[in-house]
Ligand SMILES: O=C(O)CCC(=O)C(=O)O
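Okay, so here's just one chain, in structure tokens, the form predicted on its own.
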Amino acid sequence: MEVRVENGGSCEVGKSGWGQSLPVPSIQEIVRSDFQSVPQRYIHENKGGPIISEDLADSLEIPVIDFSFLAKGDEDEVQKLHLACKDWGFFQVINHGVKEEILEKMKAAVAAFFELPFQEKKKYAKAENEIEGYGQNFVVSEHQKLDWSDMIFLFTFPSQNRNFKFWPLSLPGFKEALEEYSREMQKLAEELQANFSVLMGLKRDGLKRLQGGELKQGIRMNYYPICSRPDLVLGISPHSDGTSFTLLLQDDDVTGLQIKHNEAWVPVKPIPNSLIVNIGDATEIQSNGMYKSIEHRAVTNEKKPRISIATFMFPDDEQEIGPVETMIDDQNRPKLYRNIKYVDYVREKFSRKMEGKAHTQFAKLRATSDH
């Protein structure tokens, strides 16, 4: 029996007005009723590109940034950050100062939500014409392939952006864990943004000023059930993030994230208690293509479900984003992107299914190849 996450709430466009997504079955419930079968709509025939083995991935050395050095302005660490953003678009952050207890509480809160009975989770289903709540995003057609995951997405900062009808407030400790985690992510994001500003030739508060004040924040909590045929499905389809940047917390003992590097998929083995940061489209645009928003995806496995928690940092809706003047050089690095209101960019992204970086063409001045 197909258990569909029907849209809840009112039919008016929600606070963000970013887009909408069709209701889809809960994959968690499908697996509960029949863990052997893989419905046709979840089978991805062409998963695209070779996968590098975990052994080889270890030797590739996805950059690791020591946040404690970065926060002190250590020049070597700032240079490492520059190379990480330029060559990889991804890096792991260690010594970030967020207590292990806060990370574990957040993971436990997300796990507890997905352990709720389906009828209880349905109370927080996404509203019509909105992307916030429980269900799935980027479903724009009844025929497109679906991802092997369920999610709940909530706007978390500033606090006036919170819509508590989508928060499982009756779940003990959920609100407290999410609020504490959100505060810690905001602190980390401010320091990272200050460093990105310096790397782009601005003062530490340069991007903050350009982006209309503090970065906004939304958190997407993902649940990937086990799959009897992980070779046939994708936990999340390849995409880049339409953010300034994203901070990801994932299970320490289950590798699921893969990033595209030199046209191959590289598994990212988590360092315990680290956070993974990836550059978003807005930063690629502001850096005039110097720093790359990289395609990434999630895979599943037969043995263990996986949770990941993505904290998206993004500008104000009404803020115009475009290459900063210091990153434009008419001779060597001409302007590649047009200036565009952030909300217009995000609406374009949410109007499509996840398909790599196709949506970034919307912001480009001329036909240029993807970075």
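Every value quoted in this text rests on a predicted model; they were computed, and no experiment measured them. Residue positions are given as counts along the sequence shown, with the first one as 1.
Just so it is clear, the following notes concern the form predicted together with the ligand, a form of the same protein that is not shown.
Pick from K216, H296, K126, H96: which residue has any heavy atom within 4.5 angstroms of the ligand in the model of the complex?
Spelling it out, the residue with a heavy atom inside the cut-off is H296.
Looking at V277, I285, C85, I236, which is the one with a non-hydrogen atom within 4.5 Å of the ligand in the model of the complex?
Checked against the cut-off, the match is I236.
I'd like to check something about D241: if you look in the model of the complex, is any of its heavy atoms closer than or equal to 4.5 Å to a heavy atom of the ligand?
Contact with the ligand, yes.
Looking at the partner-bound form in the model of the complex, is A109 within 4.5 Å of the ligand by any heavy atom?
Flag for A109 set to no.
When the contact criterion is heavy atoms within 4.5 Å, does F314 count as touching the ligand in the model of the complex?
Contact check for F314: no, nothing within 4.5 Å of the ligand in the model of the complex.
Going by a heavy atom distance of 4.5 Å, is N222 a contact of the ligand in the model of the complex?
It does: once the ligand is placed as it appears in the model of the complex, N222 has a heavy atom within 4.5 Å of it.
Among 306-314, 37-45, 332-340, 319-327, which stretch has residues whose heavy atoms lie within 4.5 Å of the ligand in the model of the complex?
Selected range: 306-314.
Which of the residues spanning 251-282 lie within 4.5 Å of the ligand in the model of the complex, based on heavy atoms?
Counting only heavy atoms within 4.5 Å of the ligand in the model of the complex, the single contacting residue of 251-282 is L257.
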